[in-house]
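For reference, the chain that follows is the form predicted on its own, supplied as structure tokens.
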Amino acid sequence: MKTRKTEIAIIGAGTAGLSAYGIVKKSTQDILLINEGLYGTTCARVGCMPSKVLIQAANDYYRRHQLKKQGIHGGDNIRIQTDETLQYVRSMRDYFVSFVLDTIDSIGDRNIQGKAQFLEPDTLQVNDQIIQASKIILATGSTPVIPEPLESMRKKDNSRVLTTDELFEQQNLPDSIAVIGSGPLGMELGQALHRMGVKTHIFGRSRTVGGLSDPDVIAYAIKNFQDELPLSYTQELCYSERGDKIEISWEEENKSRSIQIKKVLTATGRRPNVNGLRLEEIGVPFDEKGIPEFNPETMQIADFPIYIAGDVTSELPILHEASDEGQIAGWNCTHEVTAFNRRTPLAITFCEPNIARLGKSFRALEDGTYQTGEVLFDSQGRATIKQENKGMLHVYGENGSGLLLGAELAAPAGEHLAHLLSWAIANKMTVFDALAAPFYHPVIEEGLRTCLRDLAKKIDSERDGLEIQFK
């Protein structure tokens, strides 16, 4: 076999791998990028971008129900051609992927397509080549999980059980579908399919939505979604084939229930791509979840010359986190190993209303150390005008100081509220600092101000209510 030596080898050309590549090439051109499968990143090809195109089309179509009360007639005559919608989604997907492919093309012969396997901590086999590298970055991404009962059914006919990676490749949508999973992907795609006219039923195991942990926000969000579409929670689903349909049966509230649908969409999470890399054979330690043990501040795997980044870590499967991890890994491969501060946690689910978690989640808070500010958007001015007046926001502040700690929400314009709050937390602002900032009228953000006022009152009831600061 031919042996090729390089300073840095990066396995995986997704967001994390390309981010690492961008940092490494500032220090050296002696890099190899190794990728198995399609190029284009999970986000651009099957994740963030095509899903948002689908969601936008679904929400635009769904808005026809709200037009009549504004004196706009003809909404009942609007129809959707889902085959054309999916074609549009793919065309937009290809547009976003094209930018990634331009980057890949610019790498030239430093890009190798093939499967990498470890022979030694600093040695890989890729196709018929041996690659020896001083440092290696593992950015192999993840793959959708398919629950076992559905995996067996899928082997018989893979057109009936879809993963989220495959949804956008469909030429048309079925008339009915079950979405398995009430996490971010399940809620986003389930609601979008429903709004496009597909008879949709979402199933969750844990009684939550979009990764929320605050019980009050969860309860509000579940009721809101259940008012719009079927959303059920159960520990076990039974599947059986009924001609050209799939029957799903379950127990809910001490009652036996069942439905028949044409297809199933699995949205039960993603599995890190570590199998087949032969990491075990070179002595890499794994945690109880099957992930290589690594330092999240340096991204180094134990004391190996191997760094890990992106969805393969299974910790923060979010694009900006994958990009940051790639940068950390790339920096530490070309400099003295350095610990980095991580950004304020921020996760957004693009259903309606938006779901978001930022800073410390409710689950991570310590009893007796914080207060909760609350606002409902049911009568909030701008939200009512936009016919989006459904939502709840909880903001957590430290007792005494009023330091903003975190928030959970299901709210209109939640993606923007979450950013404002995460920036405030990153800058170590107190609730009183935040209230001294300007709030225009009428805007959704006035709902945030109402929530902050509630929090401020609970933290210090003796304050005189003056929010502007003395000179």
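All residue numbers refer to positions in the sequence shown, first residue = 1. No experiment lies behind these values; they were computed from the predicted model shown.
In what follows, reference is made to the form predicted in complex with a further copy of the same chain, a form of this protein that is not presented.
Establish, in the predicted bound form, whether Arg63, Ala347 and Ala437 all lie within 4.5 Å of a further copy of the same chain, using non-hydrogen atoms for the distance.
-> The answer is yes: all three residues contact the partner (heavy atom, 4.5 Å cut-off).
Stretch from 174-182, 227-235, 155-163, 339-347 whose residues place a heavy atom within 4.5 Å of a further copy of the same chain in the predicted bound form | In the other structure, the partner sits against 339-347.
Among the candidates Asn399, Ser98, Gln260, Gln387, the residue which, in the predicted bound form, approaches a further copy of the same chain to within 4.5 Å (heavy atoms) | When a further copy of the same chain is considered in the predicted bound form, the option within 4.5 Å is Gln387.
Here the chain is shown alone; which of Lys223, His320, Arg207, Arg242 has a heavy atom within 4.5 Å of a further copy of the same chain in the predicted bound form?
-> By the 4.5 Å heavy-atom cutoff, the listed residue in contact is His320.
With the partner left out of view, is Ile107 within 4.5 angstroms of a further copy of the same chain in the predicted bound form by any non-hydrogen atom?
-> No, Ile107 is distant from the partner.
Is Asp324 a contact residue for a further copy of the same chain in the predicted bound form, using a 4.5 Å heavy atom cut-off?
-> Asp324: yes, in contact with a further copy of the same chain in the predicted bound form.
State yes or no: in the predicted bound form, is some non-hydrogen atom of Phe286 no more than 4.5 angstroms from a non-hydrogen atom of a further copy of the same chain?
-> Phe286: no contact with a further copy of the same chain in the predicted bound form.
a further copy of the same chain contact in the predicted bound form: Glu36, any heavy atom under 4.5 Å = Answer no; every heavy atom of Glu36 is more than 4.5 Å from a further copy of the same chain in the predicted bound form.
Listed by sequence position, which residues of 27-61 have a non-hydrogen atom within 4.5 angstroms of a further copy of the same chain in the predicted bound form?
-> Heavy-atom contacts to a further copy of the same chain in the predicted bound form: Cys43, Cys48, Met49, Lys52, Val53, Gln56, Ala57, Asp60, Tyr61.
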